[in-house]
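Only one chain is given next, in structure tokens, and it is the form predicted alone.
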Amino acid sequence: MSSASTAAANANNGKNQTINLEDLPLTQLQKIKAQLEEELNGLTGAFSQMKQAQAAFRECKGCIDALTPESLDKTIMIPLTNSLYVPGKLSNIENVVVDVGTGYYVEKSKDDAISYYDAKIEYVQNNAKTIQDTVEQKQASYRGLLEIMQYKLTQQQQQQKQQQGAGKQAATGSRA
């Protein structure tokens, strides 16, 4: 029994049961296919979100790196909303305020903030890798499922042709 032709399903006793996909009817295989497509779409979306979060953390880290002694007293635009800004001057380049989530902000030194974002980047990168590995496994299962479905469809078509051929022979044999 190949891994491409098996699926694990939870049995009533709580243990995993191996099911040979080749033994399932085409309608059930189509349901499994739809479920795999849905899972792949969700995982792909989660992977994209992880990559966006990673890019945002890298951008934050880059902004901290851009705070140099030349930045002191430099005029900048401070966003009040997405489309409303006020001018301001940088008076402290040694400390930054970091958004740590759920509306909480913490003042940190530049080095601590860089360490914080490095840890966030690594965490997100590890999660993205886990998601990527899962996507690859699901894609392999999906391809195996498609192969089985194609095989079953081909078998079904051959059986129909044989039945039609047998029916024509019976019809011509009864005329003779």
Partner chain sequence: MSAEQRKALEAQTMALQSVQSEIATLVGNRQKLESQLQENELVDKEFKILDDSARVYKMIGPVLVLQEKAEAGANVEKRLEFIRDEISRADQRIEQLTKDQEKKSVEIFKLQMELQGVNKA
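Numbering follows the first chain given and starts at 1. Remember, predicted model here, so these are calculated numbers, not experimental data. Only the largest set of C-alpha atoms that superpose within 1.5 Å between the two forms is called the rigid core.
Just so it is clear, the following notes concern the form predicted together with the partner chain, a form of the same protein that is not shown.
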Select, from the options 146-154, 25-33, 105-113, 132-140, the stretch whose residues sit within 4.5 angstroms of the partner chain in the model of the complex by heavy atom distance.
-> 105-113
72, 86 and 89 all contacting the partner chain in the model of the complex, non-hydrogen atom within 4.5 Å = no
Is there a non-hydrogen atom of residue 120 within 4.5 angstroms of a non-hydrogen atom of the partner chain in the model of the complex?
-> yes
Within a 4.5 Å heavy atom cut-off, is residue 78 in contact with the partner chain in the model of the complex?
-> no
Go through 68-103 residue by residue and record those having a heavy atom within 4.5 Å of the partner chain in the model of the complex; state none if no residue qualifies.
-> 97, 100, 101, 102, 103
Exceeds or equals 2 Å, Cα of residue 81 between the shown form and the other one, core fit | yes
